[in-house]
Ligand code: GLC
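Only one chain is included here, represented as structure tokens and corresponding to the form predicted alone.
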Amino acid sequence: MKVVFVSSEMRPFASTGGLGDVGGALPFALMGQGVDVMRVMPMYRRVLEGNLQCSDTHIRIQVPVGLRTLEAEIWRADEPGPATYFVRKDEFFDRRELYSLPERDYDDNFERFVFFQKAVVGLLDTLHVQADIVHTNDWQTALMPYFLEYGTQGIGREMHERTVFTIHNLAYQGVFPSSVFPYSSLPYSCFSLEELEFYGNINCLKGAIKRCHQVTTVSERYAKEILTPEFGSGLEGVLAESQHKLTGILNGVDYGEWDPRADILIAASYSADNMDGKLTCKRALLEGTKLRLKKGWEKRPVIGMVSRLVDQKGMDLLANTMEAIMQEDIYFVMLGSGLEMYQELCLSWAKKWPERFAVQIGYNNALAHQIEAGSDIFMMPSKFEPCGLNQMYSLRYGTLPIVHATGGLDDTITNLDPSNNTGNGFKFTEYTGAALLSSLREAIARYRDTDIWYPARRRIMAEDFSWDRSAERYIKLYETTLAQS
């Protein structure tokens, strides 16, 4: 089976979050199970500055974008693993950020990613790639089914590939004014109510849902949630019409990177059989964030959080409950960035409780690992969460998560039940500050009972959320797609 995986980001080359994690890990897991995988992504400034081995293939693709014909340079990663190609066009991709400036999206995002997707089609034709499946991801690659059918000039192409499209977060749909549609070179029949048109605009995500042979999203619960008005972001009707081809497949975890037995970014290694290193990691985290190690510090639970500071991640709940949270005898360590009002709020908490609350604004991969290893409890109160990865990282690090019962959080976390030695965390159903506080207080009470906490901690570290399981499900989906007439 030949699969071409097309994504706007992939770790370690360039990533903003979960999409990049999937692009970095899933193709390797597929390859490990016998699939022939090729990857394609844009060559951003981050790729060029990342000290990764890449070389120019000297392939040049002529790409029509509206009235212009632009040249795409094709580069390739000189790295082991799936063949990974980059589409280089500095006019579009040599920028500080991938999609947006702090205050707004790039004005030419539609043009940028039309160019990228057409270049991918041109590359497949130039290399004579006989792909069985083209697997695309999110709005930046949502028009691939159209370009595979109509070609780069919109006049038709002999399409033999089957297409799978993964929705990583339905809230980001790639909506653009109809005035930019000519950049696509697609027939105007594609800009219709049955295809890309959505309240007078272009909706890239809608087009992919309509055109792809199979649509997936990143957890089973989220696949059901997006069929409702609450989570459907206006596309619940379109998704309901395509429900027969909608599947939820939970993302996996790269245990090559996230495993306390071999994590070089944490203060001490540890395992379920020997947890001594976790206390060392806890001390290092507190000292590194300049929190006070007063007598009995090891008995005070550390609450960790690594998150974007936005409403989706539960920051509105924390804003209303932090006073009550900090009345508990805890430490709280936070890492993240997002809306300026929440960044300033977090900094104000650090000033108010300087001995017990620490925050670092921005992203720091080493600190993210150290928070997972050094915390006792991990906080993920997301309003909605298509999949979530940190709760699965936390399990491997023996750090019990507190989550809101939504999306992938609901699929992966079950309430701790000491009576029968089951459960791996704490889950609240109502999205309220009172429900969050109740879960936190239960977690603190369980933490203080070492006869409950220590066995639970060892047990959750053995749970398997590896990419191998997810890859098996994708392969079955690919096989089903190929078997369809």
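Keep in mind that what you see is a predicted model, and the values were worked out from it rather than measured. Numbering starts at 1 and runs along the sequence shown.
Keep in mind the form predicted in complex with the ligand is missing from the figure; the text below concerns it.
Peer 1: In terms of non-hydrogen atoms within 4.5 angstroms, which of the given stretches 260 to 268, 199 to 207, 378 to 386, 116 to 124 touches the ligand in the predicted bound form?
Peer 2: Heavy-atom contact with the partner occurs in 378 to 386.
Peer 1: With the partner left out here, check for me: in the predicted bound form, does some heavy atom of Gly18 sit within 4.5 Å of the ligand?
Peer 2: Result yes; Gly18 sits at the interface with the ligand in the predicted bound form.
Peer 1: Against the ligand in the predicted bound form, would Arg308 count as a contact residue? Criterion: heavy atoms within 4.5 Å.
Peer 2: Yes, Arg308 sits close enough to the ligand in the predicted bound form that at least one of its heavy atoms falls within 4.5 Å.
Peer 1: Could you tell me if Arg112 has a non-hydrogen atom within 4.5 Å of the ligand in the predicted bound form?
Peer 2: Output for Arg112 is no: heavy atoms all beyond 4.5 Å of the ligand.
Peer 1: Could you tell me if Gln153 has a non-hydrogen atom within 4.5 Å of the ligand in the predicted bound form?
Peer 2: Gln153: no, not in contact with the ligand in the predicted bound form.
Peer 1: Considering non-hydrogen atoms and a 4.5 Å limit, which listed residue (His168, Arg300, Arg396, Arg88) is close to the ligand in the predicted bound form?
Peer 2: Of the candidates His168, Arg300, Arg396, Arg88, His168 is the one lying within 4.5 Å of the ligand in the predicted bound form.
Peer 1: Find the only residue in Cys346, Ala142, Cys281, Val218 having a heavy atom within 4.5 Å of the ligand in the predicted bound form.
Peer 2: Here the answer is residue option Val218.
Peer 1: Using a 4.5 Å heavy atom cutoff, which residues in 284 to 321 contact the ligand in the predicted bound form? It's fine if the answer is none.
Peer 2: Heavy-atom contacts within 4.5 Å come from Arg308, Gln312, Lys313.
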